[in-house]
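We've got the same protein chain twice here, in two forms, each standing alone as structure tokens: structure 1 and structure 2.
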Structure 1
């Protein structure tokens, strides 16, 4: 009997505790059942498609040269392979071999694929480190370089962040995309993480859990150690950004309509000024 027929005969309330339906006639049926099971969850289904067929299509469409040129731009040629890698639909070896095949077909120099291969190496490194550290990835690997003690950071996300109503068009846009789609461009993740830790003074672990709650590619190793890199507990200095940087790599799309653009923008400063304002007790970076 098909699952759709079974559901017409018995309510989802009769599922065993912790169990979820696994077969659906189509995405609309899946959306309806999930709304019934999780009535408090915001938004609908993520536009991202899972499964081997979607993974192979995404893999076949990669352009390593374009990735290397513009991956830091929100509209850049990112691969969107991370959810497939995270859930084991694609392996790192498989992606690496696809990059090598692309090099052979395109007759491009090896340097054209260097950045993408490098990012695969970083993901492998995070996994190996997680295997070594275990739950230690939830603890500071090094003392913070911010001049603030770990105890001075808040242990909860404020309501305005959780509801994406900070008043900052960029941060609200990133938070909404995270919650509603389960994915964020890597640069947006860095900006949002830096805002959470440095501007709002919230523990990086709190932000890391928030990301893992929503990200379809939420990998504890890459996620936690990247948050530590931003926070400076796994890097030589805290990661910060200013408005110029955000405008450049987002094509200014947030700042144009932000009510706080200009004098009210907390990112409107030089890096030297941000360093002095955010980390007055820290040494020179």
Structure 2
């Protein structure tokens, strides 16, 4: 798409005092300027690059059929379009049309693209809810179904989680990736969120703020309502996982090197056992 030329021929007028620079020799130089401008912003740049060119490249590389088959695996064919969609670098309409074009080109049945189209639907759904709820996305949409009162959840993230030193290879891996890259696979987000809310008993809002600080696609509606879904204030029961589930969808990459793999893994249990341990006061689901 020759959007830059087609869209606007006008160039940006010359810089006045207070205008931010638009020319950099490289990313490091840009990062240095950003540190001067925003000294309070922690960390460095993400390896994921922003911009329309990067977005178009990612869009050209989508494989909706593979996405439909294996997207729940950490190594699956996920699109990584979310940061570009979140900031409107790509519109949802453009992505929808790219998927339909792929269907035509590939001559595959509609079912091959169904999951990816549905995922775009999730994005649209969250945005519609945000319009409806406004800042209400920060409040419990429904009572928790965990048997614990809202007041029993901690209001701060513990230091071991913030520094990715919980001792759990999976959770430390996810926390590091979040902090260093600003992107996490959706399944990893769910696991990490469930760990924070249910195993560490921390308010979902605290976890949601943490994600928004770091995620390049950090969108308060998608983010907060997904946290609420995990917490059970926007779903009929809390979301939990066990080791078998995590090991399967991560191809065992964390458990292999985890010091707690042999004994002491808090996720090593049946769903019934986890339900009884984590939510002893909850009613039957």
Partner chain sequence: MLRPVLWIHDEALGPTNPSLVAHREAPALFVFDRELIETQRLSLKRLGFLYESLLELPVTLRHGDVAQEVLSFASRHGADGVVTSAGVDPRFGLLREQIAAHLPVQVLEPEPFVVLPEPVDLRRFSRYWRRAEPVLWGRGSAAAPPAPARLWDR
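Computed from a predicted model, the values in this text were never measured in an experiment. Between two forms, the rigid core is the largest collection of C-alphas that superpose within 1.5 Å. Numbering follows the first chain given and starts at 1.
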In this pair, it is the form predicted on its own that is given as structure 1
- Message: Taking 2 Å as the cut-off, check whether the CA of residue 270 shifts that much or more between structure 1 and structure 2 after a rigid core fit.
- Response: no
Worksheet item: So with the core overlaid, does the Cα of residue 51 end up 2 Å or more away between structure 1 and structure 2?
Response: no
Using a rigid core superposition, the C-alpha offset of residue 23 between structure 1 and structure 2 in Å is 3.6
Here the CA of residue 41, compared between structure 1 and structure 2 on the core, is shifted in angstrom by 6.6
